[in-house]
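Just the one chain here, laid out as structure tokens, in the form predicted on its own.
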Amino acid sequence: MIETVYSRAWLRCLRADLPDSLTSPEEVAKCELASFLGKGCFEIKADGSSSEEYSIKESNGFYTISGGKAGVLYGAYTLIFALETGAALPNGSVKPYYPLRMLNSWDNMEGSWERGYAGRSLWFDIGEFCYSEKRIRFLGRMLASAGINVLVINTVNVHYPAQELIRDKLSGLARFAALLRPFNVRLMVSVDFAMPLAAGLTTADPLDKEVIDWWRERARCVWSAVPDLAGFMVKADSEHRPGPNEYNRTHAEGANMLARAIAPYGGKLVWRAFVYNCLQDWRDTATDRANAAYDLYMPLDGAFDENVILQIKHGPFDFQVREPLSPLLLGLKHTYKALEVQLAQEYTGQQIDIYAMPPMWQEIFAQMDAESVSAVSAVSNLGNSEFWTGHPFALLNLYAFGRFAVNPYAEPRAVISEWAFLSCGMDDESTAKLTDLLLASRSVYEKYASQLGLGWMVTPNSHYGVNPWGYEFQSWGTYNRADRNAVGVDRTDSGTGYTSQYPDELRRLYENKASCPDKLLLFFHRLPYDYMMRDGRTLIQRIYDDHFEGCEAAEAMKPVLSSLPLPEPVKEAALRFIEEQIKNAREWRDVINTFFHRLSGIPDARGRRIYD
């Protein structure tokens, strides 16, 4: 029964099971098209290359898909989705924009899932590989149909026994890789920088010959078992993880040592740029966590080897509801970069509250040159829950991430509408209503949870639920500095200097509170509660209004969802989750409004209920 539920939770036009015997993307493409179109209605012309490029031609209802082995698979899904939705077929040759479209799964080998909100791991349990082969094949089908081609299978916080993935568990890694290979999905493994110590060496110094030789031998063994492994991912010198700084080496020296070990096999070394002082004293107002990544990595621009990719979170903090684009994405000119986003809704409702991410991604790509990054990466939201992602609508974010990775210029409404139609199979009017609801969901959540660029007002550790001073006096550098007079952090040249990391045009935009976008105002500026906003409201009134309006908007979602002819399991789950979201929104509204009312002493100008 669970396998049926798993299958129907994804796109409804991929209903028929695929044979277990398929071994190549070309075979998968043929089976998908035969199931959808029927035999005799198409031809696949794979040229034998590994290219992901393809073209589709139609003549009197007969379709020909040409391209590389992976390309014809993507062409098959493009054709199926176009015929299902009535969209136009692409003209000429098409290929995904980014060659690496990575899904980072933060799974632990005992079966838990770090920052996971949809059950336990799909492939690990009690320190071993443990999975349903049928389910993993369907996972490969899901990822391929969305356009995702790399799966990082373990958390970046690598602990034992995950360290054994590239030592004693290579046979299991090879079997798992084989299940996904027909769907053009390659594996990547997160590794611990200090693994040589666990193997008995006395050091993990990246310039030590024994360490260099140890990693070279590991790489040889790993690629012998999994020849198409995409590479290694590393979190180093970050949040108590070991790294090259412990040996007075630079991050370029640490990354390059690993990159050179895997370069002979075509492996990529993805090095996460999430490095900051996580032991900050809250009384220290000079240190600003937002500055950290730029300060560390800009001096190293051009020092990394060609197969090193620096993975940079889209904002300078940590996947808050709204952050400005990381200046590191704009500043590095001679380093390969990967944009990192988070599907797992750690700070955006944890796959309970609805939060559709395509509008966020459109904003990110609009602020940067899409060609300036060479890969895109997302923290996974998948688990062994009924709908893969807990909330069935959270599947949208997985699908949409793939669509934006294939085409960073995608239009959010079109992607959301396509997913809604392909997943729920409703009429055009109902699909439009669901699309409107999903498209607005980010703004709704932002209003009641984190407006004007404020962040971190969440329950420590769990990160779900409101707690305005939860992180205010902790060591993570997560401060809003709210007091009876003002709120926000001055990140201008006269404050922490963060704005100076941006190119001149953006620096001027953010530096001046009169031009700084409202939605980032308190991220960049510290302002008194009676500060007059551009719309004529005071800052404190804007805070009150947003929280009341956000809660009302969340409450208004329920009758819309109730009216939609959604598939019954999806509708039952959506209505159950919206009750939790409404409760959450009311709590945010009341706690935050009361918090700021008590600090400021200024009442709501509209006389609404604020609890004293």
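Keep in mind that what you see is a predicted model, and the values were worked out from it rather than measured. One rule holds for the numbers: they count along the sequence shown, beginning at 1.
Keep in mind that the form predicted in complex with a small molecule is missing from the display, and what follows is about it.
Exactly one of the stretches 360-368, 190-198, 489-497, 233-241 approaches the small molecule in the predicted bound form with heavy atoms within 4.5 Å, and it is 233-241. Within 4.5 Å of any heavy atom of the small molecule in the predicted bound form lies no heavy atom of Ser443. In the predicted bound form, the small molecule lies farther than 4.5 Å from every heavy atom of Thr478. When contacts are judged by a 4.5 Å heavy atom cut-off, Thr431 does not count as touching the small molecule in the predicted bound form. In the predicted bound form, no heavy atom of Arg249 sits within 4.5 Å of the small molecule. This chain appears without its partner; in the predicted bound form, the one residue of His525, His463, Arg322, Arg141 with a heavy atom within 4.5 Å of the small molecule is His463. Proximity to the small molecule in the predicted bound form, defined as a heavy atom within 4.5 Å, holds among Asp288, Asp205, Glu511, Asp318 only for Asp318. Each of Arg115, Val156 and Arg272 is positioned with at least one heavy atom within 4.5 Å of the small molecule in the predicted bound form.
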